[in-house]
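The chain below stands alone and is given in C-alpha cells; this is the form predicted alone.
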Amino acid sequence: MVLLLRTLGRQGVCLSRPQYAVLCRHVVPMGTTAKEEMNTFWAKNSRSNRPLSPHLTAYKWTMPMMMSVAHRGTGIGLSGAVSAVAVAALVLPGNYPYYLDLIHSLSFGPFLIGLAKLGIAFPLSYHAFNGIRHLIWDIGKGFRMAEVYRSGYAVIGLSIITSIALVLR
C-alpha cells in the first residue's frame, strides 16, 4: 500500500486529481531508490578496504548454535510434512482407511515401521520441548551460559526419552 501511494505521489496523481487528495495527504516522496542506496553502501565499503564479515565456517559450532539450527530445521520439516499430508488428503482419491490398508499390505516389517515412527516422533518432541525452552527464555529466565547448556541437554534427553516411549508404544 505504501509503495502504491508513493508511486501515485511521484507521478503527481495526488496533485492533479482532487479525489485522491485524502489518500496522498501523508505521502512523502522517496529521496533515493534502493539501488542507489546499495551502490552507495558498496562504494563506501570498497573505499574503506574493510574485510567482509566472516562466514559460518569461521565460528566454532557450539551446542546452542546447533540446537538453534535444529529447532528451525524441525519446524520447517514438520510444517512441510503437515502441509504435504494436507494437500495429499485433498488431492488424492480414496479415503484414509484405503491408504492405511495399502500401507499394511506392503508389510514393511517392525524395524522400518519403528524407524518411521522415530522419524516422526523425534522431530516433534524435540521441537515441542525446545519451544518450551524458548518460552522460558521469553520470560527472561535461563540466560546464563551454564543454564543454557543445562536446558539444552535436558531438551535433548527429554526428546530421546519421549521418542523412544512413543516408538515402543
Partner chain sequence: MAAIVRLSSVCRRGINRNLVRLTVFACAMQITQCANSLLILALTAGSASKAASLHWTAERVLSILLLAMAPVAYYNPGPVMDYSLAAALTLHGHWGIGQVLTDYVHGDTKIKIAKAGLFLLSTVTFSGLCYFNYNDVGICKAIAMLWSK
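A quick note: this is a predicted structure, and the numbers were derived from the prediction, not measured. Positions refer to the first chain, counted from 1.
Another form, the form predicted in complex with the partner chain, is not on view; read the next lines as being about it.
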Residue 117: touches the partner chain in the predicted complex, heavy atom cutoff 4.5 angstroms: yes
4.5 Å heavy atom contact, residue 104 to the partner chain in the predicted complex: yes
Partner contact for residue 121 in the predicted complex: the partner chain, 4.5 angstroms, heavy atom: yes
Exercise: residue 132 in contact with the partner chain in the predicted complex, heavy atom 4.5 Å: yes
Contact set, 90 to 106 vs the partner chain in the predicted complex - heavy atom within 4.5 angstroms: 90, 95, 96, 97, 100, 103, 104
